[in-house]
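Only one chain is shown below, in structure tokens, and it's the form predicted alone.
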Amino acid sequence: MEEGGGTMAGITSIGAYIPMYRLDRQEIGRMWRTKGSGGERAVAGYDEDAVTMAVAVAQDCVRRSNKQVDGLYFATTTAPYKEKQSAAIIASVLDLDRRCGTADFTNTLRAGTTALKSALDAVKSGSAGEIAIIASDCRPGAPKGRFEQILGDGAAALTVGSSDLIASVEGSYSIFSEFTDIWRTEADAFVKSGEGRFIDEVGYMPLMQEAISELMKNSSLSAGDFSKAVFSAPDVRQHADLARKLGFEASRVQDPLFTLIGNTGTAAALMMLVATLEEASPGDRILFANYGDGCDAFILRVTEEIARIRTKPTMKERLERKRFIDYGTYLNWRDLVPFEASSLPERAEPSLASRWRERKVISLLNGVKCKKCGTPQIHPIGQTVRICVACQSKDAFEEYKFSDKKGRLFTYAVDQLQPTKNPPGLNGVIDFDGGGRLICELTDYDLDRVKIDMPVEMTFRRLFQGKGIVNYFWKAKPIEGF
């Protein structure tokens, strides 16, 4: 159906996040003495999950937009909680206004575009001004199974608004289908699938053809009218088959990125769209479609504003930033094999009350800044700051956020004893640009390249899980390119 009525709505900004770690599919094949499918898959780090990747990509997207977000929709099939809103966690880390509308879209691979449609409707109706749509997934594939090689981890984000559009929405068409092809029940640890040929003939192919064909028919357009076609698919073969059946030339079809990072679930279609928009020109018409329990299809038209979001990192740069891990490391990070428990004392678990009291430190890495001399300072969680370390003024502070500040590694210690999924551990003292010092863990580092005065930035990561609570906090990581 055609978009019409109400306020104009479209895409105002984009972002993507690809974990730096890769698992070569030949490595998986060697482990099980089977043939690797070629290429590599992106693997979320030992301290990453759908929420931490969502935070990273949302920061990128909102930075490019430079607008106040008053809605945040999070799409995933791998939320850390069965009953607790992940969107609220992400919004708190982004320091959004508490009146911001938050919602989780889940239980289907089409959740990202379902969230996009909802955001477009909200903006057009006037109930929201700018909404961030974030899709992020770390879907589990059973060891030795085909999904272990096919799946990958990643996140993508769009913001939707009514002004400064980089792409307007000229039309959309959606259908649902109660067809079981890919699924997981509450008791399932890994993704399951029906028989491949049956899915091809009854599920993916006919549904996508129907939705896309109807949209083009209603808009009086054909394959040749589009500069690029962007659509999700379960694998490379079905992606190529659909493009051929719809009449799209291979040069006008967006690479699904399967050989480079794998199928990233709810994030896959949006990540492909980000890659397309980063290279699009004003006036380009883009077909965008996503599959999962039906199909959502859109016609997008790129505007002159597209030049505004051409900031680094680009998709090409994200794909090139990588470090390979072995299969044993992958098993360890995903808790797929048991390991001997550490004999060291376990880490003390924070209470719910203390987590609430220190929520601004946990979510924003908030410290204080002296009103008299302007010195920023941050103290360990649980300690109250009353005296300025520089001018000795008492109780003269204002809140100061450190999470968005870069810094330098003042000193560090390599920990060979503390139990960690990525041994050895690395703890460092960070001196922030503009003032302030913090002792914290480091992540995403190459130990051979760690050195004093190394530039770092803060990243929101998963620490540990205890008593059913997922504990997140900030770590320092080397700045990309170092």
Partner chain sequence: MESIRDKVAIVGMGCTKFGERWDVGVEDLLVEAAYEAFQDAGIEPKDIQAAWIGTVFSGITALTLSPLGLQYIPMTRVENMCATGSEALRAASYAVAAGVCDIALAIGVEKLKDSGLTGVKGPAIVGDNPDGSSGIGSGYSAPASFAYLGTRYFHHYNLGPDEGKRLLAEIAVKNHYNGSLNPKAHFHNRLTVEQVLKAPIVAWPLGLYDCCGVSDGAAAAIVTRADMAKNFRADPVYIKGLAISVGARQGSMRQDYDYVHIEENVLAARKVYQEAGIKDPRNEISIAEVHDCFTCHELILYEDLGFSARGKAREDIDGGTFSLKGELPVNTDGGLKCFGHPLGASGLRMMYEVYLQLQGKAGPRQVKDPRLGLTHNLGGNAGMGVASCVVVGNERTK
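Positions refer to the first chain, counted from 1. If you're wondering where the values come from, they're calculated on a predicted model, not measured in any experiment.
Another form exists, predicted together with the partner chain; not displayed. Remarks below refer to it.
A.B. asks: I'd like to know whether Q383 contacts the partner chain in the predicted bound form, with contact meaning heavy atoms within 4.5 angstroms.
C.D. replies: Contact check for Q383: yes, within 4.5 Å of the partner chain in the predicted bound form.
A.B. asks: Does any heavy atom of K67 come within 4.5 Å of a heavy atom of the partner chain in the predicted bound form?
C.D. replies: Contact check for K67: no, nothing within 4.5 Å of the partner chain in the predicted bound form.
A.B. asks: Could you tell me if N427 has a non-hydrogen atom within 4.5 Å of the partner chain in the predicted bound form?
C.D. replies: N427 belongs to the contact set for the partner chain.
A.B. asks: Even though the partner chain is not shown here, does G435 get within 4.5 Å of it in the predicted bound form, heavy atoms only?
C.D. replies: G435: contacts the partner chain in the predicted bound form.
A.B. asks: By the heavy atom within 4.5 Å rule, which residue out of S354, N107, S281, S127 makes contact with the partner chain in the predicted bound form?
C.D. replies: Only one listed residue qualifies here, and that residue is S354.
A.B. asks: Name the single residue among S251, S343, S220, T185 that comes within 4.5 Å of the partner chain in the predicted bound form, judging by heavy atoms.
C.D. replies: Partner contact (heavy atom, 4.5 Å) among the options: S343.
A.B. asks: Check E210, S213 and L260: does every one of them have a heavy atom within 4.5 Å of the partner chain in the predicted bound form?
C.D. replies: Spot residues vs the partner chain: no contact at all.
A.B. asks: Choose from 23 to 31, 53 to 61, 36 to 44, 439 to 447 the stretch whose residues reach within 4.5 Å of the partner chain in the predicted bound form, heavy atoms counted.
C.D. replies: It is the stretch 439 to 447.
A.B. asks: Could you list which residues of 401 to 417 come within 4.5 Å of the partner chain in the predicted bound form, counting heavy atoms only?
C.D. replies: Read in sequence order, the residues that approach the partner chain (within 4.5 Å, in the predicted bound form) are F410, T411, Y412, A413, V414, D415, Q416, L417.
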